[in-house]
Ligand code: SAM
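Shown here is one chain on its own, the form predicted alone, set out as structure tokens.
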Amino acid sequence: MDALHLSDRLAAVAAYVPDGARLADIGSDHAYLPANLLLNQRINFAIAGEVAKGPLQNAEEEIARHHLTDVLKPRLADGLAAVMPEDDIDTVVIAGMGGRLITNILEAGHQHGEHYAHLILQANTDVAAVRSWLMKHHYRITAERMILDDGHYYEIVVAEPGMAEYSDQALQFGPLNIAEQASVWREYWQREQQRLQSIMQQLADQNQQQSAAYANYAQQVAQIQEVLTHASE
């Protein structure tokens, strides 16, 4: 993978970046995403933020390789501290991290009333925590997508400023995911249901059907069955 050839995961994230955006890519990983968008004339300006010197150097080398130093600025900073007011950033991408880390980055970057026109978030874990943060901080979800890339499932959540209230079920599974019935999303949750049922069978084989663990797994399976039924209606 490089700036000319994005992975399926990063290509899916890139597809949600609005044309003409001024982008901050936090945790930029060689700056592949913003460099690709600039090379394809999709965006006008970008920040590649990194918290460690090694990854920052990788980004600097990629930027120089493609002669993008005037329009793609590498910054050594913690999260959204990479963004300066004069950057006029309207779109933020945070991809390839755990959901709790993403919420921490968002929280730290919204201490002074900041709001961005577009947030494009791809959490590897704890996606429900990301949705919960968005709801509590007056962002509404405008798009959701789950993709399968190299044997791994990844979920993308896109949001913009606005008021929304989501149920616990919507926070867990995604309000738009539930409504849109995407095949990859259904496949993921069907696999998750099978995994949980396998654990339940192991507990049953050990006569643990009355245990708190068995009840917890059974509750999760029931929740999955409910949203899959909803999606097939």
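Model, not experiment: these values are computed from the prediction. The numbering used is simple: start at 1 and walk along the sequence shown.
Keep in mind the form predicted together with the named molecule is missing from the figure; the text below concerns it.
- Partner contacts here mean any heavy atom within 4.5 Å of the named molecule in the predicted bound form, and among 155-163, 83-91, 140-148, 101-109 they occur only in 101-109.
- With a 4.5 Å cutoff on heavy atoms, E62 does not count as touching the named molecule in the predicted bound form; it lies far away.
- Put simply, A14 is far from the named molecule in the predicted bound form: not one heavy atom of it is within 4.5 Å.
- Contact annotation: A182 falls outside 4.5 Å of the named molecule in the predicted bound form, judged by heavy atom distances.
- Of the heavy atoms in G27, some are within 4.5 Å of the named molecule in the predicted bound form.
- This chain is drawn without the named molecule; in the predicted bound form, the residue among L119, L134, V127, A95 with a heavy atom within 4.5 Å of it is A95.
- Within 4.5 angstroms of the named molecule in the predicted bound form, the stretch 63-86 places a non-hydrogen atom from each of A77, D78, G79, taken in sequence order.
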